[in-house]
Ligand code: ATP
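Let's start with one chain on its own, the form predicted alone, as structure tokens.
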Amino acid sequence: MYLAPVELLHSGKVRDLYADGDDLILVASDRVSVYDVILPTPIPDKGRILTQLSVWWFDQLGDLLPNHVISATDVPPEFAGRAIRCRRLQMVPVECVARGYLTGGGLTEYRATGSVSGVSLPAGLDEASRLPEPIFTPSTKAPAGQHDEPISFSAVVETVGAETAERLREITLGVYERGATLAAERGIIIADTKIELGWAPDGTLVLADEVLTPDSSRFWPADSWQPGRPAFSFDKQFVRDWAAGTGWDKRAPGPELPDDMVERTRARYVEIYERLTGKPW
């Protein structure tokens, strides 16, 4: 029986981080955040789905790069199913984002400048347009309560150096392309994704946090995708759109989710888990 005490180090928008000796325990809650604000209404099973889907993806990506997972089962019993025992890393101070389709903040930036994070794109693209090739569109890691801001590749070079910046871009695009290929076989488009990377003590870059989940990625059903209109989403975009439509000013406190939104959001998370992994929830 697991009896060792753990110490809360940090409580984020969705995840809580505990110290357990030399290891960390990363716990995914049922909280949902949009526009960097935690909404007051949890989504049942969300934390477990995010954790189990991440574990599945870490296995699929294991030949591309190492990850931070020590165990998904050797965790305190109160966190069973929603926690990962992981190793300590020095986290990279950049949000690593890959985009294969144009939507969200990338679309807003493109309409204003014709580029995303300094990457020039062809004229005439629209909502949900497929890009000529996936692009690396990094952003800042903003402090709690502030918004991440898109940055150029040259800004990443200034932050971490040219060699590491090139490696971040290579890894991010590699994770996206592997994920997009596997998802496409299951009838799912991954429009974009954000990953977290950290340095192990020997300097190796390691995949951390969550990966290719509905909180870190946009998932669309391939059979209904059509450029020029918003896509049906199996991800947090569904909640973002609802919240924005309430007239909320995107500042705390956020609006309560009605029961039907909670049920529909949970159903989308369950469906994307089942479609990607092939396992029943």
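Note that residue numbering follows the sequence shown and begins at 1. Here the structure is a predicted model, which is why all the values come from computation and not from measurement.
The same protein has a further form, the form predicted in complex with this ligand, not shown here; the description that follows concerns it.
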* **Clash verdict for this ligand in the predicted complex, overlaid onto the shown chain (3 or more atoms within 2.4 angstroms of backbone or C-beta)** => open
* Structure fact -> From M91, V157, A184, A80: within 4.5 Å of this ligand in the predicted complex by heavy atoms is M91
* To do: Could you check which residue among E177, E127, E196, E109 gets a heavy atom within 4.5 Å of this ligand in the predicted complex?
  => E196
* Asked: Is A208 a contact residue for this ligand in the predicted complex, using a 4.5 Å heavy atom cut-off?
  -> yes
* Within a 4.5 Å heavy atom cut-off, is V14 in contact with this ligand in the predicted complex? -> yes
* Does the 4.5 Å heavy atom contact test between R218 and this ligand in the predicted complex come out positive? -> no
* **Contact test in the predicted complex: I272 vs this ligand, heavy atoms, 4.5 Å** => no
* Tell me whether L26, C86 and K141, taken together, all sit within 4.5 Å of this ligand in the predicted complex, counting heavy atoms only. => yes
* Structure fact -> In contact with this ligand in the predicted complex (heavy atoms, 4.5 Å), from 249-257, 208-216, 46-54, 223-231, is stretch 208-216
